[in-house]
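Only one chain comes next, encoded as structure tokens, the form predicted on its own.
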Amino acid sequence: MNAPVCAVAKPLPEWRRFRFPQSLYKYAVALATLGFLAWSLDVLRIDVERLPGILGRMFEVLSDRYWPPHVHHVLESAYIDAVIDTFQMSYVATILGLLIAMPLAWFGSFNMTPSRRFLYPAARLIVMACRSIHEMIWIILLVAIIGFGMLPGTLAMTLFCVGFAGKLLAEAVEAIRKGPVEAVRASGANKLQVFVFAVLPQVRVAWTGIAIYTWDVVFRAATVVGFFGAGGMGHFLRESVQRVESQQVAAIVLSIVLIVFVAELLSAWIRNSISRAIG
């Protein structure tokens, strides 16, 4: 006869003394947050009672004005050429932006910068300046300075890439392990050699993922830059909106959604393939 198996007793919950002040602070913060939310809705005059019927009104407007979409408009050769131009603009802007962002990430990483007094604040200032201004504002400024065309769109996307990728690349450098860095330094290597042989091997996978993700984000932004005169698919969107061709607008929006979806799948496949190859 088998011996009975003793049931494992569950550990008793840890006893903790109730701390009234700390709990009071938590409830006070939650109450203040809800109060600020209610005050913001009142100041902004947001009618919450209209929200339940917004889906019905949206469906009615879309079905009356935007359906059926004029698909033949996005199958014309001129629009397909604009799609190719958008791909090229995002690709060139991403390459140029990453080439600028990589040294800025090195200079702007607090643990690995060659000069914390000069290079670090300068690199951080450049990245912050590029990131703080929205890409559409960059496009408006550059179109006003340079004129219409693909050049201001490419430059605007490059600046956006520098600000977006520079911060992520610098954070990846700041998260590295110190052991390999100290080992390379002990061998007598200079700062550039330390970065190449101790830092880059640790961040190459992260930087690869960041580079692909940056192109994905840049391409999404590049699909509408033509709305402000920078060429690409957005140029056709602006013309259709100005002519109140709602069905053409619907076709262009659907094409942008489809192209961005394909780009998302492509970037995910490239990211996984490179990660397996590097890893």
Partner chain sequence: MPAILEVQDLRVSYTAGREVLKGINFTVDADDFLAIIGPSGSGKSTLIRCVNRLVEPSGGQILFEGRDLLKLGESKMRAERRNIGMIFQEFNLIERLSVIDNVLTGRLGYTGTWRSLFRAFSKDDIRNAVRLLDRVGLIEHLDKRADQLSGGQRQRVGIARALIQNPKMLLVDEPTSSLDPKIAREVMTLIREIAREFNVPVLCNIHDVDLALEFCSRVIGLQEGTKRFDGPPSEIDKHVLADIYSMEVL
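Every value quoted in this text rests on a predicted model; they were computed, and no experiment measured them. Numbering follows the first chain given and starts at 1.
Unshown form predicted in complex with the partner chain; subsequent notes refer to it.
Engineer: Pick from Asn111, Asn190, Ser115, Gln88: which has a non-hydrogen atom within 4.5 Å of the partner chain in the predicted bound form?
Structural biologist: For this set of options, the contacting one is Asn190.
Engineer: Only one of Val205, Leu168, Val143, Ile133 comes within 4.5 Å of the partner chain in the predicted bound form by heavy atoms, so just point that one out.
Structural biologist: Contact check passes for Val205.
Engineer: For the chain shown here without its partner, which stretch in 178-186, 152-160, 115-123, 89-97 has non-hydrogen atoms within 4.5 angstroms of the partner chain in the predicted bound form?
Structural biologist: Comparing against the partner chain in the predicted bound form, the contact stretch is 178-186.
Engineer: Taking the partner chain as it sits in the predicted bound form, is Tyr79 near enough to touch it, meaning that at least one heavy atom pair lies within 4.5 angstroms?
Structural biologist: No, no contact at 4.5 Å.
Engineer: Please check if Pro201 has a heavy atom lying within 4.5 Å of any heavy atom of the partner chain in the predicted bound form.
Structural biologist: Pro201: contacts the partner chain in the predicted bound form.
Engineer: Taking any heavy atom pair closer than or equal to 4.5 Å as contact, tell me whether Ile84 reaches the partner chain in the predicted bound form.
Structural biologist: Outside the cut-off, so no.
Engineer: Flag Val71 as yes or no: does it have a non-hydrogen atom within 4.5 angstroms of any non-hydrogen atom of the partner chain in the predicted bound form?
Structural biologist: No, Val71 is distant from the partner.
Engineer: Given a 4.5 Å distance limit between heavy atoms, list every residue of 216-246 close to the partner chain in the predicted bound form, or none if there are none.
Structural biologist: Heavy-atom contacts within 4.5 Å come from no residue here.
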